[in-house]
Every structure is written in structure tokens, then in C-alpha cells.
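Only one chain is included here, represented as C-alpha cells and corresponding to the form predicted on its own.
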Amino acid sequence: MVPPLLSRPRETELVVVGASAGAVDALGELLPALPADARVPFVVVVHVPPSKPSLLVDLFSSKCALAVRQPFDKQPIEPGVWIAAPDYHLLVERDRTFAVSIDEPVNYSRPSIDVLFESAAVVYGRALAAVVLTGASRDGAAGARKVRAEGGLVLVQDPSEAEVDVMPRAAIEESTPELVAPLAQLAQALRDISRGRP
């Protein structure tokens, strides 16, 4: 039995999102649903080939009410959608800026979802929400566990709906999420979070 999202009211200050295989379709339902007045930054890691430039910023810029950008090192974390660059880990620093790293891949991936989630959990604690979407690896599971350990929320796409269910199933096993739901329900939850609702 998954506890309801409102079981532990808190105001979220940052949302981190991880996705892999099937990411474009899943994010295509979530990100355009976010309102233009969203007060919360959304930081997204997608597994993309390191040898090719990412087209995700251009793709979602035309579909989203929020500004969609690729963060650079030491950039302050502000409201909007931030999509990690290919072949660089993306981390959150204690002064609430971004850091990028060329450390070794984690779970065969750079950027790694775990690296983002774990760094953000240390900084934001209960004020963090993490979202795990479709994907074919266990990346994100350890990060989701860390988010829960630090008091944050974990939301996971219903594996039965995911294009590839390995990643959401791993996150459920590792972290006991607050919410496991189809994309439409996740979108509503993220709209509420983005406006500062508990």
C-alpha cells in the first residue's frame, strides 16, 4: 500500500527527475503540464548518448510554459526546467548552485540520476521531491533511497505504464515511494508542488 502524497505535508523547494529509455514521451506529458508561475526548479537527468549533442532543451522549449535551459557550473538554481548536458554528471552544491563533473560513469551513465538525486538530497532534505520515470537500468534507485532517508518525497511512474519498467521497479524496491502513479496523476502532483502546495 503506497502512502498518500499528502501524508507528510511540506513545501518542496526543488524537484529532481530521472528518466532513460522512453524519456521523451514521459517528459512530454509531464513538463508541458507545469504552469508558467511555477515557483520550484525542476532538474532533469536523461540518459543520452555522450557522442551526440542533446536536443532535449530545444525540443521542450517549444512545448513548455517554463524556461528550459541547460545548466552550467556554478549557476544558481532558479525556477524553470534544467536539463543536464550529455556526458557530464550534474550535482547540487550546498550554496544551491549547480556543479558539473566528468567523474567516472555511475551505473554506466554520465550524467547519472543517482549522482543528482544524492547530492540534492544532502542539500535540500525534506524540501526535495524526486521523480523516477521509465528506463532500462537501476540508475535512480539508490538516489531515491537517499532522498527518502533525508526526508524527501519520492514519486515513481507506474511500472505497468512505463515504456521500460526496470527503472521504476528498482526505485520502488529501494525507496518505498510516497506515490506510484500514471503520468497523468504525476503531472497533477507536480503542478501542485510547483505552486508551493504541500
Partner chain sequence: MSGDARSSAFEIELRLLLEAIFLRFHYDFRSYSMASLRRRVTAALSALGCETVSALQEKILHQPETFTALLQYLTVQVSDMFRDPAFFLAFRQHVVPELATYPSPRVWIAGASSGEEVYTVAIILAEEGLLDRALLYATDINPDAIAKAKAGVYAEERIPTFAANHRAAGGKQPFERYYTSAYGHAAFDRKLRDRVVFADHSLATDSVFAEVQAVTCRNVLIYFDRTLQERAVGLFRDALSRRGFLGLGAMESLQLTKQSSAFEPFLPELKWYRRS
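This structure is a prediction, so every number in the text was calculated from the model and none was measured. Positions refer to the first chain, counted from 1.
The same protein has a further form, the form predicted together with the partner chain, not shown here; the description that follows concerns it.
Heavy atoms within 4.5 Å of the partner chain in the model of the complex are found in one stretch of 29-37, 65-73, 169-177, 154-162, which is 65-73. For the chain shown alone, V115 is a contact residue for the partner chain in the model of the complex, at least one non-hydrogen atom being within 4.5 angstroms.
With a 4.5 Å cutoff on heavy atoms, L128 does not count as touching the partner chain in the model of the complex; it lies far away.
Taking the partner from elsewhere, V81 is found to have every heavy atom lying beyond 4.5 Å of the partner chain in the model of the complex. The partner chain is not drawn, but in the model of the complex it has a heavy atom within 4.5 Å of A149.
Taking the partner chain as positioned in the model of the complex, none of the residues of 155-182 brings a heavy atom within 4.5 Å of it.
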